[in-house]
Ligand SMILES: Cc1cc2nc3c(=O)[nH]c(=O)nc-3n(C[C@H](O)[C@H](O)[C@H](O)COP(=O)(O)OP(=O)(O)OC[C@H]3O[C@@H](n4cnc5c(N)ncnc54)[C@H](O)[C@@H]3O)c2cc1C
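In structure tokens, the next block holds one chain alone, the form predicted alone.
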Amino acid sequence: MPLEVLIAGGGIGGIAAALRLAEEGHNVELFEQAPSFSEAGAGIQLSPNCTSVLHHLGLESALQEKAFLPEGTQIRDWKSGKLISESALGDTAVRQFGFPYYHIHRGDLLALMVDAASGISNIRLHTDSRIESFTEQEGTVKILINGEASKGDLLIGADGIHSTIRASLWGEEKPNFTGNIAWRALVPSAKLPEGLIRPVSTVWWGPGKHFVHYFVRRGEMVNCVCVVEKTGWEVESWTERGDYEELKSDFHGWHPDIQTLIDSADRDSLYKWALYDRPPMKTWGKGRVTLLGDACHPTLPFMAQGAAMAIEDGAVLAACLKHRADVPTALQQYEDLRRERTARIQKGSRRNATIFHMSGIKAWARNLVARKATSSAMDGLYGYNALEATSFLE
């Protein structure tokens, strides 16, 4: 019997879940509180552990049209530019993990996913629709949206880091400020000297700071994420404008390549946000209501796995419902299968925040270890297959 599934949140995680659930034959109603489906103007990295799901959903050609395929990753010293470590992606990633590694603009990824969902008859997408409250009774979940009632067999809270579904289930939480401010910016590639940016994801490690850049939009733009340890400004928002002079000051003295990127950035694309940390949740859902993505395991951006974890969630959730004895049992099984992995990513991202910003003898020792590291460290991360996580149930 197909289920009537309600999803709060029309971001990457919510749409991914809708696509997988619809593929299994369920009827999905997704409610996005914003007037349109959109993502803030920033890049995103899609590793093989989530591109396996996206390809399965038929999005391979759309991804190849919009994304950039990096040849590898590099870590460089903040001042000298000296190469600390590098690893291969490109064809190597496909051979090793079966699927490619993409760089893509968040808005482009969401647009192609929404386009796919819009063409599926058992998915209904709603905008300007905020779920105000919900109750579970008599084997259904009843929701109130803009004053009107609706109901379904289950509710998925995919409504992000400030999730109202999570708050309704467990109360408001007080996250911890990490002491880090993140900047993001887009740089038109045409404004840069030829060859300045290599076809790889590059991380520059420095004392108390780091700078990441990589191509998006098939190489037409360079996405930059710049993280600085500082206090006094603690707004957790992806849409707060940043000031060029402040960004320039934050990276004063860094390598000339970094200066060129900052000087060439689109001033209208400068944003900054305070990074807050939230501990892994011991329990995500109750009964016929569960959480997905940042709503239950928000992750600092130091492993580039936030969106990947949400996409994995949707695949595993759909598989658990396929094999369900009943909905609450399936949702509990989904949570049990995902809790440890997502918590490990949260903790790893938090650890990287410290590793990236070391100085002195600690940085020297870190660099020595990084040079000797092998790609096998990524096997458990990139080799995970969300589509087969419930194969033991078959």
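The model shown is predicted, which means the values in this text are computed figures rather than measured ones. A residue's number is simply how far along the shown sequence it sits, counting from 1.
One more form of this protein exists, namely the form predicted together with the named molecule; it is left out here, but the text below deals with it.
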Inset, instruction - Although the named molecule is absent from this view, report whether Thr164 comes within 4.5 Å of it in the predicted bound form, heavy atoms only. - result: yes
Inset, instruction - Could you confirm whether Gly314 comes within 4.5 Å of the named molecule in the predicted bound form, counting heavy atoms only? - result: no
Inset, instruction - Give a yes/no on whether Gly160 approaches the named molecule to within 4.5 Å in the predicted bound form, heavy atoms considered. - result: yes
Legend entry - 4.5 Å heavy atom contact, Gln332 and the named molecule in the predicted bound form: no
Legend entry - the named molecule in the predicted bound form: contacting segment from 185-193, 314-322, 289-297, 90-98, heavy atom within 4.5 Å: 289-297
Inset, instruction - Counting non-hydrogen atoms within 4.5 angstroms of the named molecule in the predicted bound form, say which of Ile197, Ile262, Val225, Met281 makes the cut. - result: Val225
Inset, instruction - Name the residue from Ser85, Thr202, Ser150, Ser129 that puts a heavy atom within 4.5 Å of the named molecule in the predicted bound form. - result: Ser129
Legend entry - Heavy atom contacts to the named molecule in the predicted bound form at 4.5 Å, residues of 300-327 in sequence order: Pro301, Ala304, Gln305, Gly306, Ala307, Ala308, Ala310
